[in-house]
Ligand SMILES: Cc1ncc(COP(=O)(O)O)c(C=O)c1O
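One chain comes next, on its own, written out as structure tokens in the form predicted alone.
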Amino acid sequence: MPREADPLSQLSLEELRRRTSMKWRTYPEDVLPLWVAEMDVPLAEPVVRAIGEAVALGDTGYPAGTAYAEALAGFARERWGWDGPAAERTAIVPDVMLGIVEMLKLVSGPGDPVVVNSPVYPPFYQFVGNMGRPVVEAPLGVDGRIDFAVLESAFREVAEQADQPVYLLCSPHNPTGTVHTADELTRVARLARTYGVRVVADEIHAPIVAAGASFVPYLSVPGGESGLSVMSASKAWNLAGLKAALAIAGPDAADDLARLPEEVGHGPSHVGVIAHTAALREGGDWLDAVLSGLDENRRLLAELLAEHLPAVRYAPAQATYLAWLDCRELGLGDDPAAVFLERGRVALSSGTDFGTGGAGFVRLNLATSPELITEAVRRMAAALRAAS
């Protein structure tokens, strides 16, 4: 069977600029957008077919059933060797962040602290703060991995402050792309049990792993049975506009998930559920082509930076399609993304938005063509020359 062509190389810049989503409408047309987590790809054919059939049938009502959960279970068995996401311990939720909000409501109350590993996905701060839960940072180590001494100190602090503290785990981690190992996750579970901290895991990037890396579901490790996870096909198959996600409870957290209000399940898009189900069931070949293209893009970015911006430190990530670039030696201050935008007309995510540890960094979206990555680095180098 012939290998599927790289979806990352199939759309021209002219075609992409016809899109009306956030990535392509936030900035003027002279700006090259490599910031928000949208992929520059056509949709996987099974997804297009499923959406088309639903629309043709007028199947655009409210979501129902367990097809999404069953599709995720099959994907998890095939890709991760995990039988964990049993349909009876899942619930459909509108998307991952709104699902996390609902999970936090189940296991904590207003004023209960939430621990995060900074630098981390900016909506963690926004959504948690808007819920009236204070965020407590446990910064990652200099290697981008969990610093367990720091994490234990944070757990001890929140355990003294509240009866229902929570650890919001980002796995794989955004923005660093770190894949937490089974040993690391087991240590997390052990610490959480010791200090009475509940774990809620954002595992949206789970399907997007580099060659040689292996994703480990938090609920699969010893001690993870009391955890809650939220997963979705949205990142891996570029379905953010087709809202749907799954909340999953470990065996010891089933009673918590059972308290989820029934009306939460009305929030996801029924067409979104159909699309995500098709992606998980039939979109494996397409995903593998994307993963191969991302491996090539990581290598390309490393080569381009070494040639044109050697002072930028970059370690190709184990997961996600995001590159976390250390620009502190460029002398551009805490927010180099602002300089790259103003002087280079390339939009990147500002590291300062990711909390402690983000100053002097930018996040670059690699889910695009090699040509656009090359042009982005060219513009970044030109911006540095203009700033000097």
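Since we're looking at a predicted model, the values are computed, not measured. Each residue number is its position in the shown sequence, starting from 1.
Another form exists, predicted together with the ligand; not displayed. Remarks below refer to it.
At a distance threshold of 4.5 angstroms between non-hydrogen atoms, L140 is out of contact with the ligand in the model of the complex. H205 belongs to the set of residues with a heavy atom inside 4.5 Å of the ligand in the model of the complex. In the model of the complex, at least one heavy atom of N174 sits within 4.5 Å of the ligand. Although the partner is absent here, M97 lies within 4.5 Å of the ligand in the model of the complex, judged by heavy atoms. Only one listed stretch (286-294, 106-114, 230-238, 261-269) carries heavy atoms within 4.5 Å of the ligand in the model of the complex, and that stretch is 230-238. Site residues A37, Y121 and K243 are all in contact with the ligand in the model of the complex, judged by any heavy atom within 4.5 Å.
Checking I274, C170, A162, A210 for any heavy atom within 4.5 Å of the ligand in the model of the complex turns up a single hit: C170.
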